[in-house]
Structures are given as structure tokens and as C-alpha cells.
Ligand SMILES: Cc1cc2nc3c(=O)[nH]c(=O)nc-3n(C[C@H](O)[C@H](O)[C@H](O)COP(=O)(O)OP(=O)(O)OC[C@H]3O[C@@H](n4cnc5c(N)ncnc54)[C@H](O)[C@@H]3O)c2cc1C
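Read the single chain below, which is given as C-alpha cells and is the form predicted on its own.
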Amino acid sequence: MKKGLVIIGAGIIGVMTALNLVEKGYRDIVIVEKKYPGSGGSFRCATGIRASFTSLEHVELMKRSIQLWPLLSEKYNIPYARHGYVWLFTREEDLEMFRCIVDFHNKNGVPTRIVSPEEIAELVPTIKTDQLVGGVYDPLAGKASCFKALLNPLAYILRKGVKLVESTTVYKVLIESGRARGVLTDKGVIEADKVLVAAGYGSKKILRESIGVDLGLRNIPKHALITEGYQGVFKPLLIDWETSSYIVQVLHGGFLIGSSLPEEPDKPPRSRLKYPVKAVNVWIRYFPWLAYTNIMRYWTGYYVMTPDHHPLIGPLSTVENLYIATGFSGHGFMMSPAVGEVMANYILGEKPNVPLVEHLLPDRIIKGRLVKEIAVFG
């Protein structure tokens, strides 16, 4: 097989990149997926979307994504709602730190604001606020269906001629005279003029086998559960900053809960009996009625972390026509519309439409030019 572009990975990043290329008239694409579309992190995520980060690079990328989410929702029938985030603080020192972060947000076009416990009670019906000293409200934030966000655009691009090869492992990118020439898979060689590595943590092994480079990716196991469904109780996604936990009532009514547990990087994920106990106990403090709900499902996944908690986006300078989009550190789903645009820009030889994304080129890890981000949770 010979194609113009091979995309390694049929997650949300690979699919959104292909979608943007198709919309620009570039359709000579094959997506190669180890298992099935969305089987990595895309179908395990919290579904949240926000621009309330602490680096300008993340803020600008997410402001563009937030512009795109409602457009994608309308065009591809993706359930999406801009219901906001509320960050909850039980310690005065955290609230004071976030006063500075809110000032940074406001200066850069993100309308977050400090809210009192009384305002939190208005934003979040049924919440107990007696332990809270305050919070931050992000009205731009929202949530979307992780399933429809991937599967609906995928169906569209397949109708337009993009090819999907499932259950196929990519071993390495083939390099000849300093240029990417295709990929070697367990089913043979696929020749291509350009290659995009968007395989989550699998990108680490592919890049090591192909060009001997290590970009510092780590796989951190994460845990989530979902309860039975209810009619609407509260709309925002909530973050308990002290425990690095979140809860969101997803669009079909269940409460999706994530909470951080100490984990060893790069180990296979495993279910842990103490996780549901910890996760639910965090939120029973705020919602005593939650003790009486039923947990329907519990699963594990990963945050694919980089040394600076920012993604690796763009071409690799040492190999022509080799592109990378991985290491989103738990934020790939929310960023995917803007990242898809940017990667399409790069692949077509254009400048990225979000200029600050050039600070996130993969080479920065090798050169030690790291970008700081602290607003990572879950």
C-alpha cells in the first residue's frame, strides 16, 4: 500500500487531524490502529473542556478549541454543553494562589472569577459548602461526548476516502536519507510520503525503535468510575483541588468521578479496591446523598505525561516529513479540535494557526526548553 500520509493511532488526535486535512482537500490518508478507534485514552476520559490553565500556550490552544467545539457539535452531531467548571478550595493558601491564576486568565481572555461558598451553592445545587473557603468559576468550560466526538467525524472521513486499518501494530517508522518513507507493521510495509505518530504512550516505543530518540513520555495509571444515571442535578464539572479529584454529571445522567492515587509510572493499569472508596468518600463530603447511589462501572486508563505536562506537537527537526502529536498529559480530548487544525497546518507545510504552539515542538524536550503547567488533576 502507498499513501500520502500514514497516521499512527485512531484516537481523537489522529481522527481530528485527518478531519482537518479532509476539509482542506487532502484525502490520501491511512490511519493505522493497534486495536480499535478510541481504544486508548479517548474513550476513557472525563469529557471536560476548559481553557483555565496556567501557561499561555495551553490557554491559547484551548481558546481555539472552545471556539471549535460548538461548530463541530452542530456539523457532526456531537453532544456538547458549555456548563462550566467550578474549582473547590478548602484551604486559604490554595484560594490565594488561584487569585493570581485568575488574574492571569482574565488578562488573556479567559473569564474565570473567584466565587464565595454562597455563590458555589447557587452554581451547584445540593452541594454542602461548610468546608469550603471559596472557589473559581470558569464559565467557558464545558463537556462533550467522547464517543460521538470521535466516531461521528471518523465515519465522515471514511466516507470521504480515508482508509482505516484496525488491529494492526506499527513497529517503526521507515527512514531513508533523513526522510520518513512509511511504516513497518505486523502485516507488512505501508509506504507514505509523510508519517504522523499519534499513538499515545505507544509513540515512545515507535520513536525509540525508529530514530533512537526518547522524548520523556511516561504513562501514569489513572482511575475513574461512573454511577447510575439521574435527571439533572448540577451542570458544571467540579474539581476538589486538595485531593486532585473531579466529578461531572455526564450527558446521559451518570456521575463520572476521577481521583488521584499514587501510582508507579509505566506499569500496567490495575483495578484497586481502595479506589472506589477514596473517590466516593471525597465527594460524599459535598453530596451526602451520593452514598446511596450505585456504581455501574470502574475502569483504568492513563495520562501520557511529558516532563513539562505539555503536549509534543509538530514536526521533528531531525527527520523530514515526520510529525508527532502525543503526550497530552490528560488533556488530549479537550484540545483535539485545535490540535487537529495545527497538525493539518504542519502537514500541509503551513504555519500553525495558533502561533504559540510552536513552543510545543517535540525538540524542546531534547533542548531542555520546558514550559510550566500546574493545573493538572485527576
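From a predicted model like this one, the values you see are computed outputs, not experimental measurements. In this text, residue numbers run from 1 along the sequence as written.
There is another form of this protein, the form predicted together with the ligand, and it is not shown here; the text below is about that form.
### Query
Would the ligand in the model of the complex be within 4.5 angstroms of a non-hydrogen atom of every residue among 180, 323 and 362?
Contact check failed for every one of 180, 323 and 362.
#### Entry: Residue stretch of 153-161, 100-108, 125-133, 222-230 approaching the ligand in the model of the complex, non-hydrogen atom distance within 4.5 Å
Heavy-atom contact with the partner occurs in 222-230.
### Message
Just checking whether residue 332 would be counted as a contact of the ligand in the model of the complex - the rule being heavy atoms within 4.5 angstroms.
### Response
Answer yes; at least one heavy atom of residue 332 falls within 4.5 Å of the ligand in the model of the complex.
### Query
Is residue 340 a contact residue for the ligand in the model of the complex, using a 4.5 Å heavy atom cut-off?
Judged by the heavy-atom cut-off of 4.5 Å, residue 340 is well away from the ligand in the model of the complex.
#### Entry: Distance check, residue 196 to the ligand in the model of the complex, heavy atom within 4.5 Å
Residue 196: no, not in contact with the ligand in the model of the complex.
### Query
Does residue 302 reach the ligand in the model of the complex if we count a contact as any heavy atom within 4.5 Å?
Judged by the heavy-atom cut-off of 4.5 Å, residue 302 is in contact with the ligand in the model of the complex.
### Task
Could you spot which one of 32, 29, 344, 312 gets a heavy atom to within 4.5 Å of the ligand in the model of the complex?
Filtering the options by heavy-atom distance leaves 32.
### Query
Is any part of 148-179 within 4.5 angstroms of the ligand in the model of the complex by a non-hydrogen atom, and which residues would that be?
Read in sequence order, the residues that approach the ligand (within 4.5 Å, in the model of the complex) are 168, 169, 170.
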